[in-house]
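Heads up, the chain below is alone and in the form predicted on its own; it's given as structure tokens.
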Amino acid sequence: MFGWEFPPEISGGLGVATLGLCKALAHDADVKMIIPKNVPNFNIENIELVGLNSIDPEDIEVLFGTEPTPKIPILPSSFKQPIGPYSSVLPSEFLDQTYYEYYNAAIQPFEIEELYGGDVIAKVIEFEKIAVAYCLKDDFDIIHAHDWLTFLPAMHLKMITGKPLVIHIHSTEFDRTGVESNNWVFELERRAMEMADCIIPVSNYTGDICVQYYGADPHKIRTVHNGIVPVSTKVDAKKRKGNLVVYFGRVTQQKGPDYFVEAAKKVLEYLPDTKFVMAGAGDLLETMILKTASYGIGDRFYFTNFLNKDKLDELLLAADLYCMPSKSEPFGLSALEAAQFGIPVIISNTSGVAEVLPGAMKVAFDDVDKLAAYMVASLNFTGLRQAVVAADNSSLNQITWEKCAKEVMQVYESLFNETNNIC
């Protein structure tokens, strides 16, 4: 299995979901998890965790002491640009020669400080080179890759070994850039879907995107919704005056932070004691800070930047309402995390989590008036809050990583049962 971010080195839901699946899957399968950066002494029971940054230089030389392995004519790019897991990239020409130049560069130990900083393209290709060589020394049955950052080594291994390839789609370039997607990330995702024996999207919403915009074979699609780690703490009745509304996630165009701010402005006309928290980092953070100031509501907003899990739990314990107005959200683990604390959630219609939280309040991502109305109603009417929380609690009981792992195991088994290796 290939992953890019993995706790405690995480940037968002991708790392959390990868860990949750791995821990549950390890009860039924031998999992070797290959990641770019491993933290020393960070061990998980039943999982062999391999960080390429921890491989000694001597071992690198041993790995490449044999004949070079075949190369994949894919992932061309000649520009250097910081790329986040959910950020967009500029269109570029598909120049395969550039990929070969990256790939055929001198082998060196894999060194990485920031997963998404600097030249991510070079990191992705270097990860492919060493990961493929490392994996070829072992025997295995299934290749499983999480999102585009790890598709290259997975595809390469399939070309060499012929083993079944499963790609897990947590987010797509379409989610980040929309219908105008036309860059090497989109093309890499498309080719991976074409080569994969099975495609696991985290929602039916994402599965439909794979078919409609990437031309994926619908017979390869097997939706597996994410799980959640249960929490025992719930929000008690508040003794303080006022209301606290929370947004947490990346502050990027995809997540709709501008709609949150627009709705907050309207809410404050009716409930002036309300406070808002935007917890997260992203390229629109400064823009959102300036926007609240221009509206004269800056004193009602708190911008926390990225919060670790402990700090996020503290925030949710104090929250009265959670909002996720994403333009395109493949799943939305943050909504589940909020719902677990017994607070009502408002989510966009264009989110995968709506499929597993049918009781949540849903709005079109750009319907600011309705979003604001739902906020006011949720904060004003106890009966509505209780009804939404009760419905969400009923759904949460069915959302587990064990259920997720069981469905992934069924995907694996189907690949061995089908003569044509289509799940």
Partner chain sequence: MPSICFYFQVHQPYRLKEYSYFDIGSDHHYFDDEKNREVLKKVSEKCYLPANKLMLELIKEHNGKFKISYSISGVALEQFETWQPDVLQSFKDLAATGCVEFIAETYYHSLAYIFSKEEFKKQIEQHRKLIKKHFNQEPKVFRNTELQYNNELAKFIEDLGYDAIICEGVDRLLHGRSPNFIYKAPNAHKIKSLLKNYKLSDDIAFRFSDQNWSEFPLSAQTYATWVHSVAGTGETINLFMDYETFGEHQWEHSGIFEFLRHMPVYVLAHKDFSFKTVSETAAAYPVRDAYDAHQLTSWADTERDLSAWLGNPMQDESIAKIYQLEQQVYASGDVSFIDSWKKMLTSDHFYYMCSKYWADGDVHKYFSPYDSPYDAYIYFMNAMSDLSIQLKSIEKPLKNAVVKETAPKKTTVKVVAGKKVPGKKAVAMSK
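Just so we're clear, the structure is a prediction, and the values are computed from it rather than from any experiment. Positions refer to the first chain, counted from 1.
Unshown form predicted in complex with the partner chain; subsequent notes refer to it.
In the predicted bound form, no residue of the candidate spot (51, 63 and 119) has a heavy atom lying within 4.5 Å of the partner chain. Look at 286 to 294, 158 to 166, 334 to 342, 268 to 276: in the predicted bound form, residues with non-hydrogen atoms within 4.5 angstroms of the partner chain sit in 268 to 276.
Interface membership of residue 40, defined by any non-hydrogen atom within 4.5 Å of the partner chain in the predicted bound form, is ruled out. Not displayed here, the partner chain is kept clear of residue 365 by more than 4.5 Å at the level of heavy atoms in the predicted bound form. Interface residue remark: residue 380 is counted as part of the site for the partner chain in the predicted bound form, having a heavy atom within 4.5 Å. Within 4.5 Å of any heavy atom of the partner chain in the predicted bound form lies no heavy atom of residue 47.
A single residue from the set 388, 356, 31, 55 has any heavy atom within 4.5 angstroms of the partner chain in the predicted bound form; that residue is 388.
Contact annotation for 352 to 376: residues with any non-hydrogen atom within 4.5 angstroms of the partner chain in the predicted bound form are 358, 359, 360, 361, 369, 370, 372, 373, 374, 376, listed in sequence order.
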